[in-house]
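Shown below, as structure tokens, is a lone chain in the form predicted on its own; questions about how it binds or moves come after it.
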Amino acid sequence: MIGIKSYGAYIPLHRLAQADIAKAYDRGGGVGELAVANFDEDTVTMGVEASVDCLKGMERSIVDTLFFATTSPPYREKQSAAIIAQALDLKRQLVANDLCDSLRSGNMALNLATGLVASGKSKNALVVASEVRKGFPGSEYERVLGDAAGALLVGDTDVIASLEAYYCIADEITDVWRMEGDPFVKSWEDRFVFTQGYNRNIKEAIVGLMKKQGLQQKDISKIVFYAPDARNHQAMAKGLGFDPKTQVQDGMFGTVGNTGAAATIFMMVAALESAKPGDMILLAGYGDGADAFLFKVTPEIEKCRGHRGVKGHINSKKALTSYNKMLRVREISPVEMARRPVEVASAPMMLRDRDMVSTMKGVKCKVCGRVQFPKQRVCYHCRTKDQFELYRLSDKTATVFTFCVDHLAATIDPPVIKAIVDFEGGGRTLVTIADRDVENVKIGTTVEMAFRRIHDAMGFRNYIWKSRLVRG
């Protein structure tokens, strides 16, 4: 049996009221809010967050294939899946793949993952879809695009939702695009985009799959499908004959936004959170054609609870104070940084220290059992030399021993909170607390680790593990 074994999701902490966007341009209206990635987040960091949630309680060495899907990778030439694999501490014998440049890349990754598992070339394939798209300031896209990530683990044992059928069509159309170097989403006139692109293709894929399987609308427990906005989502559901109240997965346009290439995987996570054994879930994506999957939920779903998922993130939020702040954290509006020496980076140093910096591995003394970070050659407790084993700290919680608030730090969103934290099980280190929340950071506060950007220096991106207040 081939199908989904586990799921996870991530939504950034910050939300912007759509009314604030309308107000910035002297317009009325604006209902709901959008999830906005912080200045130190991108599709890679959010993909790591969703993957950690998906692999909760699992031995990470079981993953032998990784697909990363997005239209907004941080690099034009460098693999993002390899960065995610390093951060997750996946094994070196891994098939890592990037699937970019298509709104349907999340579904494409899921199709390839199920195919590899079915062929026997993979036992456990992790599908990660993450998105941070930008609309022109003042445009309709700016009012609907949100940021989020989802992850699904595909395998052939302990499956919580088995793959029953797949249907796909390809259709070349220039409706929504970004060319090399374009920071903002572009599209043709709405009527053309919807009637000749989205409506025609996604309907054909869904109807085609149902006809192939001999299904009627009443046979589908939940339908999960991409739509550019709430209006088209609701219209498509009604047009296909599904009950929006009972059969259609919420598109979360008023709580998260249109999450692009991550949308279908992200919404599938939400559908699985409330699914029960026997449910039939139809999943459909769009982008230069469309495709549709049919999954049947198994009794194993009851063993796959406790993930933070969509439910655990959606009400864990903090309002952005203004539209201008959104422009700053999305790096649309330039910010004059504090006058400090230019930041530098070193690729050889990153390679040498990647176990510590990218995977957050310390060491555990084989003699006395003390955990130490960063790595040492001599145990600070029993003085034994070179008797250590690597010890991962990125999945441990910690408590704040002490902290300081730096209002003069060179950052897009001051102040910066630096803290000394003590890990559960041992180990102490200095970290930056991300998504700064000055009022709620206290001595003794519990924090969890978060993979984030440090800066872009020397022409490439630098990542590190920070910490943040526990969410969910």
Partner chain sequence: MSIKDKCAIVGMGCTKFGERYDTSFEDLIVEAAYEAFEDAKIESKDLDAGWIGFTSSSRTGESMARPLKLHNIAVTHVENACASGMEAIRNACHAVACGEYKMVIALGAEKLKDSGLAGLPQPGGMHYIHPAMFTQFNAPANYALAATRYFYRYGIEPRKGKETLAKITVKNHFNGARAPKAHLRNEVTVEQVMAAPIIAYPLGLFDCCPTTDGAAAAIITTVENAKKMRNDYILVRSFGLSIGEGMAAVDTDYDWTHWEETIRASQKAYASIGVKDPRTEISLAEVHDCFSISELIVYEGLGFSEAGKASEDVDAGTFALTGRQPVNPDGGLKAFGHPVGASGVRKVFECYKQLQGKVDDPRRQIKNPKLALAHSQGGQPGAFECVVCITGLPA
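Positions refer to the first chain, counted from 1. By rigid core we mean the largest C-alpha set that fits within 1.5 Å across both forms. Owing to the predicted nature of the structure, the values given are computational and were not obtained by experimental measurement.
FYI, the form predicted together with the partner chain isn't displayed, but the following is about it.
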**Message:** Each of S80, K134 and L145 within 4.5 Å of the partner chain in the predicted bound form, by any heavy atom, yes or no?
**Reply:** no
**Message:** For the interface check, one of 311 to 319, 71 to 79, 172 to 180, 373 to 381 should have non-hydrogen atoms within 4.5 Å of the partner chain in the predicted bound form; which one?
**Reply:** 373 to 381
**Prompt:** Using a 4.5 Å cut on heavy atoms, which of I332, V357, V193, V248 is close to the partner chain in the predicted bound form?
**Reply:** V357
**in the predicted bound form, the one of R305, R340, K385, R92 near the partner chain [non-hydrogen atom within 4.5 angstroms]** = R340
**Request:** Spell out, yes or no, whether the shortest heavy atom distance between Q216 and the partner chain in the predicted bound form is within 4.5 Å.
**Result:** no
**Request:** Please run the contact check for F401 against the partner chain in the predicted bound form: heavy atoms, 4.5 angstroms, yes or no?
**Result:** yes
**Asked** Contact between I62 and the partner chain in the predicted bound form at 4.5 Å, heavy atoms?
**Response** no
**Prompt:** Quick one: does S346 come within 4.5 Å of the partner chain in the predicted bound form, counting heavy atoms only?
**Reply:** yes
**Item:** Residues of stretch 415 to 430 in contact with the partner chain in the predicted bound form (4.5 Å, non-hydrogen atom)
**Value:** V416, K418, A419, I420, D422, G427, R428, T429, L430
**Core-superposed C-alpha of Y380 shifting 2 Å or more between the shown form and the other one** = yes
